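Only one chain is given next, in structure tokens, and it is the form predicted alone.
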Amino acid sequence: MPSSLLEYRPAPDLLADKVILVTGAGDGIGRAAALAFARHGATVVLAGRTVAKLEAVYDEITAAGLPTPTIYPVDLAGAGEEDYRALAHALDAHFGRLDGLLHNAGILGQRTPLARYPLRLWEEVLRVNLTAPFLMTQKLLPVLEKAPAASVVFTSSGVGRRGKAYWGAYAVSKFAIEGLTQVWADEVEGVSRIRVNCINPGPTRTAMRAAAYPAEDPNRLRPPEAIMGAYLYLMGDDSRHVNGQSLDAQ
């Protein structure tokens, strides 16, 4: 593993011929990851709720002459098992396999004491940040197994490793993602061609970061494009031996 993923220099064809699905691909880190994967040869499946944003990323990729992506609209807050089965069927029918799955989509919820946290919002945050990635991965396992060496990457957070006041359901969901990564990685170890890891992006110039820290100067943060080393590393074959790890993008 590179000593610093910020300094990782992947081969230009690192992801050639790979099919990678990215959730939350319409903006922020998801958009940057989709573009980075495409630039390194991958055919990207752009998944997200807002079709107009996905179309903008689609246009950006095709205008650059990169492998033509696919758009797959999905609302993680409302999708159920049948929706993810349909996604698996569509990917299998169109590509015959899935080489990578990046669970990037997430919502912040409310920064407020647990004693006053609204139940409806608590359930929504856990559904989008935890249950949806779990269900999607579960239903996509058969398609992932068809790849020579598939990579599943969940998104963690610093507040998912050490709890902080007022981070509520978001922090709890990220603690759970760390555990989900470890359990799933242990279950596939030695019996599957799939590896499972998670990434903590760290302080990055995104809309979610701005909502969480409204007084912070965003120009002091790295943009999403600057932290793509970790994402490329975990999606490419350089990380075939890495399983069950929680990596820091910064």
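No experiment lies behind these values; they were computed from the predicted model shown. Heads up: residue numbers just count along the shown sequence, starting at 1.
The form predicted in complex with a small molecule exists for this protein as well; it is not shown, and the discussion that follows is about that form.
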Subject >> Candidate stretches 34 to 42, 178 to 186, 59 to 67, 195 to 203, one within 4.5 Å of the small molecule in the model of the complex by heavy atom >> reply: 195 to 203
Original post:
Does the 4.5 Å heavy atom contact test between residue 126 and the small molecule in the model of the complex come out positive?
Top reply: no
**OP:** State yes or no: in the model of the complex, is some non-hydrogen atom of residue 137 no more than 4.5 angstroms from a non-hydrogen atom of the small molecule?
**Re:** no
Original post:
Could you tell me if residue 75 has a non-hydrogen atom within 4.5 Å of the small molecule in the model of the complex?
Top reply: yes
Original post:
Does the 4.5 Å heavy atom contact test between residue 55 and the small molecule in the model of the complex come out positive?
Top reply: no
**OP:** Could you tell me if all three of 28, 48 and 156 have a heavy atom no more than 4.5 Å from the small molecule in the model of the complex?
**Re:** yes
